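A single chain, nothing else alongside it, follows as structure tokens in the form predicted on its own.
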């Protein structure tokens, strides 16, 4: 049984199921009991290097300190903005956590309702109060392009091991793509290419548990964008 589990990296598990008994470390949504790694949630068994964990099948995005997320401004106050990041509770962005000097009451000059922003989660306390920031490398107001929403539990599949899937998507569609850990993804490129990139991302979400998914996505993009056949698989590895 243990041997079969070690080989099947996409099997469905429920809380308490043994994920590994050979000494691997517990990853996300996993714990150790009696020397064996077990699942803490229902989902898909996921092995990465020497860790084994579970990708949840459903549920709200629960922010974790250090997460990079994409959110949308849903309310504006005199000294902060309220950002929807797909969590079950709001994420206030204070004027002290943006890269501009904002005078009291002047917040709408910098970020308006419906604007998308790339943020980092600073902390989440016991009362579920979130602190987010835009004061870090690469964090910014997102302009142009389009947003696509997928289940946050499928984000790791879009990125894939060593970033291979996301690198392939970028190279084959010639699009800029930024993936938020909350399941919000920004895609920017020529209309036709961006359309194909979005369809490919949704296909990854739908078929996340399929075998040979990278090859299936590669074939799909090639069928829509013949010029992408020039892509070299080796370029997708980081």
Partner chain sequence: MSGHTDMVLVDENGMRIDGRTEEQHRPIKIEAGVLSNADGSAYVEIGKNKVLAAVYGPRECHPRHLQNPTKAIVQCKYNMQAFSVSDRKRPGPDRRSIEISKIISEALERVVLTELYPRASIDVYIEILQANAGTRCAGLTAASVALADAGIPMRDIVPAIAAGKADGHVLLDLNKEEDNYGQADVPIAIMPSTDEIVLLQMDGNMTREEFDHAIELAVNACHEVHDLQVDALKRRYSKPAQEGSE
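Everything quoted here is computed from the prediction, not taken from an experiment. Rigid core (definition): largest C-alpha set, two forms, superposition within 1.5 Å. Positions refer to the first chain, counted from 1.
There is also a form predicted in complex with its partner chain; it is not shown, and the following applies to it.
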193, 178, 40, 46 - the one with a heavy atom within 4.5 Å of its partner chain in the predicted complex
40
Look up in the predicted complex whether residue 127 has a non-hydrogen atom within 4.5 angstroms of its partner chain, and give yes or no.
yes
Heavy atom of residue 105 within 4.5 Å of its partner chain in the predicted complex:
no
4.5 Å heavy atom contact, residue 88 and its partner chain in the predicted complex:
yes
May I ask you to check whether residue 226 falls inside a 4.5 Å heavy atom distance of its partner chain in the predicted complex?
no
Give, in sequence order, every residue of 186 to 207 that has a heavy atom within 4.5 Å of its partner chain in the predicted complex, or say none if there are no such residues.
206, 207
With both forms fitted on the core, give yes or no for whether the Cα of residue 30 moves by 2 angstroms or more between the shown form and the other one.
yes
Large Cα shift (2 Å or above) at residue 221 between the shown form and the other one, core-fitted:
no
